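In the form predicted on its own, a lone chain appears below as C-alpha cells.
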Amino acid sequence: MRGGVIAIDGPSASGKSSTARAVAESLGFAHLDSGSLYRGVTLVALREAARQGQTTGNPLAAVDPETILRAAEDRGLMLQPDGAGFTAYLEGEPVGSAIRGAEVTANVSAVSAVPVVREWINSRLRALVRAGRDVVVDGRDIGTVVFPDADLKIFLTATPEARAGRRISQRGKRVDPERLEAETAALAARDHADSTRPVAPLRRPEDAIALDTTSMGFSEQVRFIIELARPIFGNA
C-alpha cells in the first residue's frame, strides 16, 4: 500500500529540511531527508578513493560511480527509521555525524550530479513509500523527478539576502554587511548552478504551491503547510 507524500522543494538555504521535519512531526509522518543518502554515497566514495590512495579532491577522479554504488550496497548503506525520521546506516552503524563532515560536504554536489547515483537513490526513496510510509520529503527535484505524483507539493523560497542571513545566523555568526554580501553572492551562484545543471535541475513543479518565506516566521510557514495537508490526508 503506497504511503502519502508531501514534497518540499526549493533553493539552498530556503529552510526545506527544518520545515519538512517540523511538518512531519506535526502530522505524524516520517521526515525523509534525501540528502542523507547522497551524503552517504559520498562518504562511501571518499572511503573507496582513500583505498585507492587518493586522500583529497573529488573521489570520482579515482573511483567510477558504478564501483561506488556496488560498495554502498555491499556495505549496507540504507536509511533506517529513527523516531520521526530516518538515519543513514553504513555497515550496520549510524553515520549521521560522519556524513555531515566538511569533506563530505565539499564533495556531495559532484557525486549527486551523476545520473546513475541519482537513479540509485531515487529507487530507494520510492521503495520506502511503496512500503506504506507516509513521508515529508525535501530536496531540489522531489516534486519534479522523484515523486512527480506527490499528494502535496510545496516550493519554498525566499530572497537570497534573507536566506543568506538565516544561514549566517545558523552558523552562530553576526550578520554584518560584509558577511551578508559574501553569503548572498554564494547563494546566488548556487541557485544558478542548481537551476542550469543538466541532471534534475532545480525548478518549481507546475502543480506546486509557492511559499515565499522572506517575511514569514518559521512556525508560520510550518502552520501554512499543515493547513494545506490536513484536508488531503484527513485526520493526519
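Take the two forms, find the largest set of C-alpha atoms that superpose within 1.5 Å, and that set is the rigid core. Here the structure is a predicted model, which means the values were calculated and not measured. The numbering used is simple: start at 1 and walk along the sequence shown.
Note that the form predicted together with a small molecule isn't included here; everything after this is about it.
Shown alone, this chain has one stretch from 79-87, 140-148, 154-162, 126-134 that lies within 4.5 Å of the small molecule in the model of the complex by heavy atoms: 140-148. The contact with the small molecule in the model of the complex, taken as any heavy atom within 4.5 Å, belongs to R197 out of R197, R51, K173, R70. For R39, a non-hydrogen atom is located within 4.5 Å of the small molecule in the model of the complex, even though that partner is not displayed.
None of the heavy atoms of P65 is located within 4.5 Å of the small molecule in the model of the complex. Interface residue remark: R47 is not counted as part of the site for the small molecule in the model of the complex, having no heavy atom within 4.5 Å. Interface membership of R75, defined by any non-hydrogen atom within 4.5 Å of the small molecule in the model of the complex, is ruled out. Contact annotation for the candidate site: G35, V108 and R118 all lie close to the small molecule in the model of the complex (heavy atom within 4.5 Å). With the core held fixed, K153 shows a CA shift below 2 Å between this form and the one not shown. Annotation for Q170: C-alpha shift of 2 angstroms or more between this form and the one not shown, rigid core superposed.
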